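Just the one chain here, the form predicted on its own, laid out as structure tokens.
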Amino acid sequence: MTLRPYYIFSSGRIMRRENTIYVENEKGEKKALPIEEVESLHIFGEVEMNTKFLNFLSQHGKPIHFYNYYGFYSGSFVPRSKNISGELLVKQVEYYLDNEKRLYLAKAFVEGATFHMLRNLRNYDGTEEFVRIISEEQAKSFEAKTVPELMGCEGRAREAYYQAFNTITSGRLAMNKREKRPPKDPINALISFGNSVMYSVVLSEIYKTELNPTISYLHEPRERRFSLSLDISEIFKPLIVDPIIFKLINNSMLKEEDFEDELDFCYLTSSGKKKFLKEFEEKLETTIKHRKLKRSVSYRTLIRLECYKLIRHLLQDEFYKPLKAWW
């Protein structure tokens, strides 16, 4: 049976009845979701739920992710992990505390991110100057001596990358600069929404492994956030999220009613979110022939494989090398 995430936009109630999840909207209409088919839940509406329901999810190991009214990630309920490894947890902490070991991993995440930024830009004319800047920052990142220095390189590379979006989209939805608190134009709204969903999907994949999602290497671990998901998301945002944005804009798949403006603030409406998520799910289920495994794997599986590669590195079985799309 194929597991898949469910995106819930309606407001109302969500409850357990025997071994089935029921989503009841404000009109009293119910939809059944068999627990065996649920990979994760993503809640965009305002729903009521009780501890009985959360216990049910926990028993079956199903994470639930919450987004605010504007579609930005708010938090997650992640069941107590059944995949616990004291040895791996010690190694994760050891690699964070050792500056050299931490910097190696942090550089690898930036390397994967900048590789995929450059991969995207090579498909579009007029992006040569942005490619030059990103390439220079990528080279500097290899020589960085500290994580803050590395973050500076990554930040400047990403700034140049986002400036290229107007060229890629031929100015159809102009963006002055990357602004995420709050996003002030449609492209910024798309980037913020896509990155939020990407973060939660990576968290769901981390949860299926023995990794602790709160211990990270590029981003600083802090209270109340799963920062390892931020690290790994860096590799996949330009690989998965950004091509969807280009497709939606360049093929005129988004309309005026897919965005809402509020006093210097732009966000996706339900119709806009649904259009993005349709493309997002299709991308995650797209398969490619894996060079090492000699079989087809989906983009979603590639995310989990990245987690396993990190585990092998921490256990000193194999040096971690970030995914670099070869297709």
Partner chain sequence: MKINYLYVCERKLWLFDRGIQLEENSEKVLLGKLLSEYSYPSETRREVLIDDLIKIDVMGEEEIREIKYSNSLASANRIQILYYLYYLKMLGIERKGIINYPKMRRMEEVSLTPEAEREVEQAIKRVEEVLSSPRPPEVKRKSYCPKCAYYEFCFG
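Computed from a predicted structure; not experimentally measured. Numbering follows the first chain given and starts at 1.
One more form of this protein, predicted in complex with the partner chain, exists but is not displayed; see below.
Student: At 4.5 Å between heavy atoms, only one of the stretches 80-88, 192-200, 101-109, 228-236 reaches the partner chain in the model of the complex; which one is it?
Tutor: The contacting stretch here is 80-88.
Student: Please identify the residue among Glu210, Asp242, Glu179, Glu137 with any heavy atom within 4.5 Å of the partner chain in the model of the complex.
Tutor: None of the others qualify; the residue that does is Glu210.
Student: Of Ser58, Thr301, Ser270, Asn68, which residue is found within 4.5 angstroms of the partner chain in the model of the complex when only non-hydrogen atoms are counted?
Tutor: Partner contact (heavy atom, 4.5 Å) among the options: Thr301.
Student: Is Arg13 one of the residues lying within 4.5 Å of the partner chain in the model of the complex, judged by heavy atom distances?
Tutor: Contact check for Arg13: no, nothing within 4.5 Å of the partner chain in the model of the complex.
Student: Hey, in the model of the complex, is Lys283 touching the partner chain, heavy atoms inside 4.5 Å?
Tutor: So Lys283 does not count as contacting the partner chain.
Student: Can you tell me whether Lys294 touches the partner chain? I mean in the model of the complex, with a 4.5 angstroms heavy atom cut-off.
Tutor: Contact check for Lys294: yes, within 4.5 Å of the partner chain in the model of the complex.
Student: Can you tell me whether Glu18 touches the partner chain? I mean in the model of the complex, with a 4.5 angstroms heavy atom cut-off.
Tutor: Glu18 lies outside the contact set for the partner chain.
Student: Would you mind checking 290-324 for residues with a heavy atom within 4.5 Å of the partner chain in the model of the complex?
Tutor: Sequence-ordered list: His290, Lys292, Leu293, Lys294, Arg295, Thr301, Arg304, Leu305, Tyr308, Lys309, Ile311, Arg312, Leu315, Gln316, Asp317.
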